[in-house]
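Read the single chain below, which is given as structure tokens and is the form predicted on its own.
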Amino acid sequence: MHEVGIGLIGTGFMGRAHALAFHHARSAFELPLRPRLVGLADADPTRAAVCARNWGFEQAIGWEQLVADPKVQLVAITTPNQLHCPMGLAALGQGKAVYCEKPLAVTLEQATQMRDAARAAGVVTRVGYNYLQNPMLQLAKTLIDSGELGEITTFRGEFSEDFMADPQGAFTWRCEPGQAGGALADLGSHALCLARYLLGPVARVCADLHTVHARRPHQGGLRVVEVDDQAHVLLRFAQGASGSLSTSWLWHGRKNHLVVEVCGTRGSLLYNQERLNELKLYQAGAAPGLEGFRTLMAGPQLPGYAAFCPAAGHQLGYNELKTLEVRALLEAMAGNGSHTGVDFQEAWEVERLAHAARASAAEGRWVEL
């Protein structure tokens, strides 16, 4: 088995998730490439050293040195959004494969640079839309594509959380348009990605973006918030279906409320990320009194599940989805592209869709893609 040297940048929540995924992938799957944890970088060198030791990396190193290290073939980027572009371009310039967290970049221009650089480098790229790795969402796509729901007419998506719900919550980097992009970029990008995954390209959008808490506490005073707290988007898909999507980081009680509903002429389905091992399916034509949604439960009969547990109902979690994403990435690096994954091209399509939604909100009109 050949090794692939991993360089990881960032030691926060997502950095830890990536580190766990590389470890778990080695034990859960027979991989064509075995990840070797070469280097870990962070803005705080002390924390980098501690995490490198605890997470099994060979060394803590500056990110520029990590990108240039000949022992590193894959650079994983889990930093705040504004650093994705310069770090990704640096890694691509060295001919390294890149695994970048979402969203791909802060602006469409940056995303275009990254996509074009990836094309020129000819390397494998992946972006952290790991919810697509869920066997239940892959089952949903199979049901849609097979015609089980009939002709698809309607899509409805929502991704809401409450980590910014407190109006007295501090101003952070997420509140700066130059560093982040608001709820639409942070949460809505997942819903936009799922919409494209399930129903295909979007032809046009009409959006409304809203900043609810216009100022937040910062260094003893108040600072203006210039990004959206919530967004509502109307969608018209290229295949004819219409739909809507909403996102908010102010919704009290929602923790990971990524919900997708798809309706067709013969039935509908419902998925909720807070119950990520379930898919609800309604099939029209049941006898009177027997109508209703059936709950389909994840189990080892679905691709990916059995690697973690041989029994249904025991359930996968967030880190297992990340592990499945890493497996798909390593398979792609070995030349097997059969697994689901979002590369820089598809991530650019998501950014283009978000950019169109922002333009629509700013100009008060439908925007064609």
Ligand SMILES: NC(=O)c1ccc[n+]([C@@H]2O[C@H](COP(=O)([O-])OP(=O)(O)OC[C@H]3O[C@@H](n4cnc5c(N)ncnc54)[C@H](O)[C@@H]3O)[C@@H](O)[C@H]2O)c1
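Just so we're clear, the structure is a prediction, and the values are computed from it rather than from any experiment. Heads up: residue numbers just count along the shown sequence, starting at 1.
The same protein has a further form, the form predicted in complex with the named molecule, not shown here; the description that follows concerns it.
Using a 4.5 angstroms limit between non-hydrogen atoms, C263 is distant from the named molecule in the predicted complex. The closest non-hydrogen atom of R174 lies within 4.5 Å of the named molecule in the predicted complex.
Proximity of W63 to the named molecule in the predicted complex falls within the 4.5 Å heavy atom cutoff. Heavy atoms of A28 never reach within 4.5 Å of the named molecule in the predicted complex, leaving it off the interface. T79 is the sole member of S246, Q73, T79, Q110 with a non-hydrogen atom within 4.5 Å of the named molecule in the predicted complex. Shown without its partner, this chain lists L37, A43, A68, L33 as candidates; in the predicted complex, only A43 has a non-hydrogen atom within 4.5 angstroms of the named molecule. Proximity to the named molecule in the predicted complex, taken as heavy atoms within 4.5 Å, picks out 81 to 89 from the listed stretches 236 to 244, 143 to 151, 208 to 216, 81 to 89. Judged against the named molecule in the predicted complex with a 4.5 angstroms heavy atom cut-off, the residues G10, K102 and N130 are in contact without exception.
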